[in-house]
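Shown next as structure tokens: one chain only, the form predicted alone.
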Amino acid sequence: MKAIASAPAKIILAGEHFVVYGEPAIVMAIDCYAKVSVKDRNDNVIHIASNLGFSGSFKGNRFQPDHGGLGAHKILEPIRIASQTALKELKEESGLNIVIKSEIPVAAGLGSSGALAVATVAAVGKFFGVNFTKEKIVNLSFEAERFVHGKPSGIDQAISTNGGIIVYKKNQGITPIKVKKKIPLIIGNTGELRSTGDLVKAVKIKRDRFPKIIDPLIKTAGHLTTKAIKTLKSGDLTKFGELMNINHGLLSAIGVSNKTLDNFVHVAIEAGALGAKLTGAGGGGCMIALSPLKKRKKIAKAIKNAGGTPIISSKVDEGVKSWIQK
């Protein structure tokens, strides 16, 4: 018998970076998943194998790699933390065999680590006959995210757990919003790795140097996100696309876009996208293009021709789910 859980990736529709300064952000779950399966062992070892080519065993805090060398430790440690946090909550002492199959690109701004932590916690709970509440899953997956990001906002765990679309505001938590319309997107992965922490620091430095210039941009971004929420609720995707374009301009102004992202945004709009912007930290990672259904393939081809990896994607309303397989 094994327990399996899957959790969706996420994109940020509006508000990244500005959320650090108290403005709202809109986050959406997408149909790209991390899947984790859990079986027990007759020892106290936690063995983790990933389809990314990393595997190894944890006995206490000691790590023995199978594949991927010592670099495997950094990749697999968050999964160990998530599994042991769940075991502690369950008051269980058991070894585990954990297998990861994820289709979410790593370090691309799509919430890979958050989805994996959420799926791991849910799968461990399910294996021992417990269906953790959504709130409990978010809380238990926090420690793993702290290892990855230092000071996580909690957005990634929240959206992977709940699905749909949420609005996040610092110190206020999340507010789900209902959007009836499908939101067809093309994600363009640059393949360029970046550090979220470094980019956040760079924006802070720029703000400290030019507060009278950057502060109004932050406020403008907040107004834009508030307008974008109303526009999504009304189902006016054309207007929402326009707001995405403006949002990308604001992100470029604070220095978190780059030549590749700007080019992908440009070719997507030329190919018929209603709007396009970087998503996440910037400096590489991914951009998103809002697409009319009939133009998705054309936009994806334009991004591919520009050197990116396109992913055709849509909103999903269901978050983490788990089941038993015999």
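Sequential numbering from 1, following the sequence displayed. A quick note: this is a predicted structure, and the numbers were derived from the prediction, not measured.
Keep in mind that the form predicted together with another copy of the chain is missing from the display, and what follows is about it.
**Student:** Within 4.5 Å of another copy of the chain in the model of the complex, heavy atoms considered, which of Lys178, Lys182, Lys91, His223?
**Tutor:** It is His223 that has a heavy atom within 4.5 Å of the partner.
**Student:** Though another copy of the chain is not shown, can you say which of Arg194, Lys136, Lys126, Lys239 has a heavy atom within 4.5 Å of it in the model of the complex?
**Tutor:** The option sitting close enough to the partner is Lys239.
**Student:** Going by a heavy atom distance of 4.5 Å, is Val106 a contact of another copy of the chain in the model of the complex?
**Tutor:** No.
**Student:** With a 4.5 Å heavy atom cut-off, would you call Ile214 a contact of another copy of the chain in the model of the complex?
**Tutor:** Taking the distances in the model of the complex, the answer for Ile214 is yes, it comes within 4.5 Å of another copy of the chain.
**Student:** In the model of the complex, does Ser102 come within 4.5 Å of another copy of the chain, counting heavy atoms only?
**Tutor:** No, Ser102 stays farther than 4.5 Å from another copy of the chain in the model of the complex.
**Student:** State yes or no: in the model of the complex, is some non-hydrogen atom of Asn258 no more than 4.5 angstroms from a non-hydrogen atom of another copy of the chain?
**Tutor:** Yes.
**Student:** Of the listed stretches (113-121, 68-76, 249-257, 168-176), which one has a non-hydrogen atom within 4.5 Å of another copy of the chain in the model of the complex?
**Tutor:** Flagged stretch: 249-257.
**Student:** May I ask whether Lys206, His266 and Glu270 each come within 4.5 Å of another copy of the chain in the model of the complex, counting any non-hydrogen atom?
**Tutor:** All three within 4.5 Å in the model of the complex.
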